[in-house]
Structure formats: C-alpha cells, structure tokens
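First comes one chain, alone, set out as structure tokens in the form predicted on its own.
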C-alpha cells in the first residue's frame, strides 16, 4: 500500500476574537497520495486558505488548532516546528503575491536566494522562471514594477524552486489570462505526473475539472463532499456541489441562492440547510460524511432509489 503524502484527521481551527470565535475549519479529514492533485473548492470564506496556512504553520497567535496532519508518515505539520519542512518539503503559492514578495529585492535576487538556500545553483533562476511563463528579463524588476499576473508567476516560481514533494497552490491563476491559466495548470499537473503532490485551492471549477484527480468541496468550514473529479462533475452528491456546478456558464449560470452563514455563528446542524430545497427537520442535526457527501439527503442516494 502506498504511503500517503499527506494525512489530515479531525483538523479544527478556531480564531478567538474579543467578542466572538471564528470557526474557520471544523473536523476536516483527508488523505492525499503521491502523484495526486486534489482540488479544494468552495465560496470565499469557507476555510480553504486557512487550511493551507494551517498546514504550513502560518497562523496568527489567536488561532487554536487541534487534530492531526502528517507528511509522509514521519512529520507532524501541527507542532509549530516546521524548520526544514516549509519550503523544502511543503511549498506554498500564496493567494496574495503582492504581500508575499520582499519589496526591496528584485525577482532575480529573490529567486536566486531561494535556490541557494535549498542547495540548487543560482544559474537555474532563468529556467525556473521560464517554466512558469515568467520572462527571465523581468526578473530584474522589483515587485512594485510587476503586474498582478507577473507577481503571481514569480510567487509560483519561488514555490517550485526547492522542488517540494507537496505543493499547496492557493488561487495560483489569479490575475492570469487564459493561456497562462492553462500553462500554470498544466505545470501543476506535470508535477503530479512526476510523483509529486499538489493541493490546488481554487474558485475555478473549470480549472479543477481540467487537472484534478479529486475534488473536495468546502462549505462553512467543513468538507461536504469528496469525490473523484469525473464522478463529482457527472453526479454531484451534495446539493451545494450541484449548486456550484449549476452556476457554471455552460450549465445554466444559476447562482446558489442565499448566502453562506457567518463563521462566528454556525448552526448546530447542516449549515447549508437555509439555502437548500431538500432540507427538513433532520437537517437540524449535523450529518456525518457518509459516502461522498456530508448530507442527510444526498442526491446520489435519491437517484439510486429512483
């Protein structure tokens, strides 16, 4: 049996504010294998980026974390001692490149320093930049001289430079035009085909469908569905997933009605119930993740019964 690249079990993250507690991630469990690309999708504020920052030990001091996250069965990612892990074994493409880049260093210096720190020759900088669609000529610019898309590609190059076996890409196609979106997605896919692992956090369901082996859908801090990509797009099990798919331009362009709940005031039962046409009294209690979906009335079950 293959050793999982990443195993997460019961991960829960809370942020304590002065007058409230933010339930950012709740009882999250997943396993990602070597060579697998997992896409994590969901509306803004559902907890996707918090998951990424938790795995890299990048949470603020008001965060409390419980559960288990293990890399290659030998390294806990929740101990806070991630020296030699962050960057070298787990890379991050950040969601906001403008705040991730050192403003007083050129792109070339940032990339050469990263390569040198991880035992690779500085002369690889041009090749690494070109691999992500970043013109090496532009490496001599400072971050403020780069467009949003260029800064995004530079951050991708910095994350890939150490060749980490696990890469977490948080909205890596933000600010890119369609050809560069496809280029970036294909680059991530090739990393997995070479045996590495990628967690792609994205709002772009089309991107997930293009390159992911599996898709995990998050809603209000929980994973509500986890299926192989082809199965999820063909037969979504959770009503929320079906709503996300219906919002795609080629599927009717119908938005999911209503709004997600505040993470400071989650209900005891299913958080999607107020937006769901299938909800009944049973939804006042929290459903388990049974089969592909965390739902009392999964769509797949109804189709099979019919």
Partner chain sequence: MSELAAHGVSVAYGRQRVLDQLSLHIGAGETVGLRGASGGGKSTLVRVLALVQAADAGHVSLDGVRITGARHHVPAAARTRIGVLFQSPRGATDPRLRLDDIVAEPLRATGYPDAAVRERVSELADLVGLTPDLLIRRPHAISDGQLQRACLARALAHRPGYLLCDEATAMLDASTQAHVARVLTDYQLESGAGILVVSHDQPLLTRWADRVIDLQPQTHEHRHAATSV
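Bear in mind that the values here come from a model prediction, so they are computed numbers and not experimental data. Numbering follows the first chain given and starts at 1.
Heads up, the form predicted in complex with the partner chain isn't pictured, but that's what we're talking about next.
Screening 182-190, 102-110, 230-238, 88-96 for residues having heavy atoms within 4.5 Å of the partner chain in the model of the complex returns a single hit, 88-96. Interface residue remark: residue 73 is not counted as part of the site for the partner chain in the model of the complex, having no heavy atom within 4.5 Å. By the criterion of a heavy atom within 4.5 Å, residue 43 is counted among the residues contacting the partner chain in the model of the complex. Residue 35 falls outside the set of residues with a heavy atom inside 4.5 Å of the partner chain in the model of the complex.
For the chain shown alone, residue 260 is a contact residue for the partner chain in the model of the complex, at least one non-hydrogen atom being within 4.5 angstroms. Contact with the partner chain in the model of the complex, judged by any heavy atom within 4.5 Å, is made by just one of 223, 198, 150, 211: 150. Note on contacts: among 271, 39, 244, 55, the single residue with a heavy atom within 4.5 Å of the partner chain in the model of the complex is 244. Contact check at 4.5 Å (heavy atoms) against the partner chain in the model of the complex: all three of 22, 175 and 248 pass. Residues of 254-285 that come within 4.5 Å of the partner chain in the model of the complex, judged by any heavy atom, are 254, 255, 256, 259, 260, 262, 263, 264, 275 in sequence order.
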